[in-house]
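One chain is shown next in structure tokens, namely the form predicted on its own.
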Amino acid sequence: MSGRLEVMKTYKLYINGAFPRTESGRSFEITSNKGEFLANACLASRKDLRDAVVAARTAQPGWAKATAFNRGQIMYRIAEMLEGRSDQFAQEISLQTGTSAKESLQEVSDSVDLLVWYAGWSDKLPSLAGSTNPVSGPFYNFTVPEALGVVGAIATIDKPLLGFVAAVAPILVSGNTAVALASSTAPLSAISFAEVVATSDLPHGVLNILSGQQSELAPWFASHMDIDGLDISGLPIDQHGAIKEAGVENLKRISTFTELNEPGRILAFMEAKTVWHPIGN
């Protein structure tokens, strides 16, 4: 058909396994590095954030009770599906950042590898962070790592896919659930990642993805009383102080990271639980 108009995609939010529009009705344009229009995306509101946190809190107990093997296998499955859409993600990265096709494909490949790397930690966390403690008395004393709860993530923007995966993978592998904010300048990768997650075995509500402005949403992430931890690696350093002050009220655990693959990113959002057990005769 000659003269056909291209159907431009409007990207939704990803909350509780569904793709709702923002309740505010707002949107913003996603443009290429050359300023060309690519798509519309939802401009998430405070209400959208609250809905995402409710979904994450509801899903967290079930996800934390899943076996380490099960969590690892689900994350590995996400990596498989991401690799199957490598060309799409590489094209989106190139359009948004201006990097070459080769560099963009490498970022996708690195993201797949990073997912597999974190998935491999799922059944090794007790050995890494747990211990049998010497005590005086007829008791066994164990320390075991447990998930913190609901964790917010504001990913770095220089690597739109790799930075996003580095933010959410270590949160999920330990049994936490996540509310993640896509890059404000190059959100396509994170929003498309939601489509991968939606067709995987990840339970609804375990990962929720918002698109919008960091300057608007970050303070609400910090002050929300039902978010237990927050990764602010993607925020400018001059905003860290205000965010940490906003998180004081509920003793929110706020962290920043420089390395993409480090066990410390997992342990930052875990608790140490001590168990006493009497020695039997």
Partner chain sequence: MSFYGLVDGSDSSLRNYLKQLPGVDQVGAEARAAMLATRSIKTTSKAWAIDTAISMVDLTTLEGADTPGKVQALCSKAFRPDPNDLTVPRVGAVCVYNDMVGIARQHLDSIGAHDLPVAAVSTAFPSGRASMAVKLQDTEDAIIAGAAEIDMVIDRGAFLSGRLIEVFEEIVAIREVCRDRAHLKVILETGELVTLDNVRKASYLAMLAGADFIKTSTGKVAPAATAPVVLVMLEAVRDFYDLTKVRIGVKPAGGIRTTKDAIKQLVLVNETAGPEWLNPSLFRIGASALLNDLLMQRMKMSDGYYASPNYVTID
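Since this is a predicted model, take the numbers as computed values, not measurements. Positions refer to the first chain, counted from 1.
What comes next is about the form predicted together with the partner chain, which is not displayed.
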- prompt: Among 222-230, 63-71, 237-245, 25-33, which stretch has residues whose heavy atoms lie within 4.5 Å of the partner chain in the predicted complex?
  reply: 222-230
- request: Would you check, heavy atoms only and a 4.5 Å threshold, whether Asn250 touches the partner chain in the predicted complex?
  value: yes
query: Within 25-54, which residues have a heavy atom closer than or equal to 4.5 Å from the partner chain in the predicted complex?
result: Arg46, Lys47, Arg50
